[in-house]
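So this first bit is one chain, no partners, the form predicted alone, shown in structure tokens.
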């Protein structure tokens, strides 16, 4: 059925209300306002841009600006000072200025504070913030300046003209039942047609992925690689970690062959952010950031700091860790990309908010110049790429371009390479890397004895206060989705899940931070039956003789209806082996990244669905 859609024309469209796009929109309005005032005073010649007539529009998939804001987070204030020199006086919400930071190496039972904090992790003069609160504050500033923000409207499709120029974005439909049928309250998405569209969707953006398919923006670059971060906000009976105090941990609970680490950031109100970051480029099919976060809290040294504490909020999100060598083409006819979607995270410093904000400001300057010249052609938009290359974004990211690849074989040898790269520029040869899902090894090669898998969670005792299981933590993320809608987590090939279980024991059932994916209790029996009659390529997989050569790309999806067979929430195929509890999803995108067969695809749910972060 052909759906009639309203079309709305805007001057500039921002997709995603993260720090990059919020900074871009605010800076653009400030530049236009300053230009108008200069023209009115006769200090400058040119056209006046009536701000009440300019359609500067931002759409955001969350229920409100900041609802999906998730980060550590320690803010380098360099960009916000450029955007707003009196940012603190204007009420920017900060948890505290960093005056005390440390790096602590953990073994299973001991803690050793490093005598010197490595220079990249020296955070003096930075600020601990809640990204959710920070984005809400920036959103208010944008609306005061005249930016029209529409929360609850995800972008689901990039609009192109006949010349493959980006001309806008289609927003998501609302009011479909699980079978894809239109309900009485159905509201079709609208086509937002813009002179220029700025994409700031964060890591593994749905539309940015479409741009790669259509325009090849990743061509000639490393594939994007990711990390996974989870954190809890713990409320303590008394202040033990001062607001603004920063502690990073290395070692336990991760092995020396793994890459990642923990952190504790002091917040106001006797609260502390406790988090863990794990590398999705690793080989272990049993990675589970939530499990390891609980083990980190149980470490004697950390447990003493958190004694008597209660978890009050939780969340998880992927981090774009590919850095400079994975940065896509960020300017093209009709569009630009900012922030994590453009691989602008400095992995060595664990910071990307300031680079996202600076990129947004440079995008705004590109747009302003084009509006003044009445020239928003491809050549004008591409000056954004030049601006980024001449900024401190390029300088900072280029210096650490091989940081992530240096850690490919684990922290033990990797930190040695990283030190030489940072201090002397040695051992810094650019390296081509593979995609994260291709790195996962078969479970039998890493865990010859299945009992070792069960022992990974040994020692965790959930008490409902400080130690929470995934479902309880999911509740504390504020996640909410309309249940009677098609699952936004799409499965391309249900039979592949049987192969995945045999080879990898279904990593999605572990790496998902909120237990979206589950296998049935009789999974081994069901898998055996499926594999008995299943043929993949030239071989029929029997008795563990399975080939890894068959790695399909994500299939085309039709809202959960395949060959006329309807679905139910979380299930797209009849007799599907893998159960998908899509209503738990916190939009971390890890399943879209790390499934060994790229069998899972994240798509935007109905607008407003997902987590509701307030302190993360």
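Owing to the predicted nature of the structure, the values given are computational and were not obtained by experimental measurement. Residue numbers count along the first chain shown, from 1.
The discussion below concerns the form predicted in complex with a small molecule, not included here.
> Can you tell me which of 377 to 385, 94 to 102, 180 to 188, 153 to 161 lies within 4.5 Å of the small molecule in the predicted bound form, counting heavy atoms only?
Correct option: 153 to 161.
> Quick one: in the predicted bound form, does every one of 168, 194 and 335 get a heavy atom within 4.5 Å of the small molecule?
Checked in the predicted bound form: no contact with the small molecule for any of the three.
> Flag residue 71 as yes or no: does it have a non-hydrogen atom within 4.5 angstroms of any non-hydrogen atom of the small molecule in the predicted bound form?
So residue 71 counts as contacting the small molecule.
> Would residue 351 show up as a contact with the small molecule in the predicted bound form if we use heavy atoms at 4.5 Å?
Judged by the heavy-atom cut-off of 4.5 Å, residue 351 is in contact with the small molecule in the predicted bound form.
> With heavy atoms only and a cut-off of 4.5 Å, decide whether residue 25 touches the small molecule in the predicted bound form.
No, no contact at 4.5 Å.
> Applying a 4.5 Å heavy atom distance criterion, does residue 364 contact the small molecule in the predicted bound form?
No - in the predicted bound form, heavy atoms of residue 364 and the small molecule never come within 4.5 Å of each other.
> Heavy atom within 4.5 Å of the small molecule in the predicted bound form: which of 322, 282, 139, 203 fits that? Just give me the one.
Looking at the other structure, the residue within range turns out to be 203.
> Please pick, from 211, 345, 259, 274, the one residue with any non-hydrogen atom lying within 4.5 angstroms of the small molecule in the predicted bound form.
It is 345.
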